[in-house]
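One chain is shown next in structure tokens, namely the form predicted alone.
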Amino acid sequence: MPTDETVQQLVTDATAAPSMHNAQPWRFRCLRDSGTLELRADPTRAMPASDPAHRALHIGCGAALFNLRVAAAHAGLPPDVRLLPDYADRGLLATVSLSDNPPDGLPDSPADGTDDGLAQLYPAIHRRHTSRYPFAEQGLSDSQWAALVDAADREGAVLLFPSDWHLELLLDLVQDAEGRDDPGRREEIARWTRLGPAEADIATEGVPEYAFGPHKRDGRAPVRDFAGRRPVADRGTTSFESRPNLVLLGTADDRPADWLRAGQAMERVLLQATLDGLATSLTSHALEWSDLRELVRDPASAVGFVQMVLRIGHGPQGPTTRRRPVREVLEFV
């Protein structure tokens, strides 16, 4: 069985994952007797206006689950994962067995013995940061694209690169979503942003002002402006790339289990990109509006549902945003 110290480190690594507005909507419960970690949703960190179905919440928790798998593999503990193992307990999103006697049934992800790429991703966990800064007007190499496609495929998702007309549409949809004003969503952004050095420099949740990135002078990078009309000192204004490298992450279905798999696939893509020296950011603007989400999907593609739009390129990695102390998200029983 893993020691308490090992479990604490695993959860610390897991919580380095991205989540919508860095709300960190997860909790972990360690069952010492069975060597099992439970991943649970934290409904107090949900966003009913922006994410009424909790799709983004599941994706964020899925990303944390993937980090946990990577950290466990790195520690020599082959993770045995079960997604949504108890229909009567909807808050229980996954169990991860770290013992030599996993529960009966088929796992929802391969153990480290059949996925030798997991442990190799570990150095990227704490190097990956969301970058809301301009990227270079430079594409990715064929080998970089192939590695990202393979990363998504290993987690049961599809990564697609939009054609020229589809890229133009995506940029228009992001601009449309950014220009909409909904009081509930505006309040959620205000709740999860931290303005002023006194608050931002010590924040362990939400998006601090130093991670907002500069104002966009021109270019069409799909980066959310968390400041809105609120003044932010020393933020600056600069040009962004005119044709960002966007990719669509999709799944065949659109249920909670698919959202969890999409979160794992997203994080695997982000970690692979980080290992390859690329900068990344997430674009969920248009996906948060049901009418715009339908338009994000290319009707000629094989993807049933788009779960996330990623921006990947050559640029600064972005600053570190802190996470809550492990004692606030981990319980031992």
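Only a predicted model underlies this, so the values are computations on that prediction, with no experimental measurement involved. Heads up: residue numbers just count along the shown sequence, starting at 1.
Form predicted together with a small molecule: not shown, discussed below.
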item	value
In the predicted complex, the residue from V207, L93, L249, A71 that sits within 4.5 Å of the small molecule by heavy atoms	V207
One residue of R45, H54, H285, R27 in contact with the small molecule, assessed in the predicted complex (non-hydrogen atom, 4.5 angstroms)	H285
is_contact(T130, the small molecule) in the predicted complex, heavy atom dist at most 4.5 Å	yes
P18, heavy atom within 4.5 angstroms of the small molecule in the predicted complex	yes
4.5 Å heavy atom contact, P319 to the small molecule in the predicted complex	yes
Touches the small molecule in the predicted complex: R185 (any heavy atom, 4.5 Å)	no
Segment assignment from 290 to 298, 55 to 63, 34 to 42, 271 to 279: heavy atom within 4.5 Å of the small molecule in the predicted complex	55 to 63
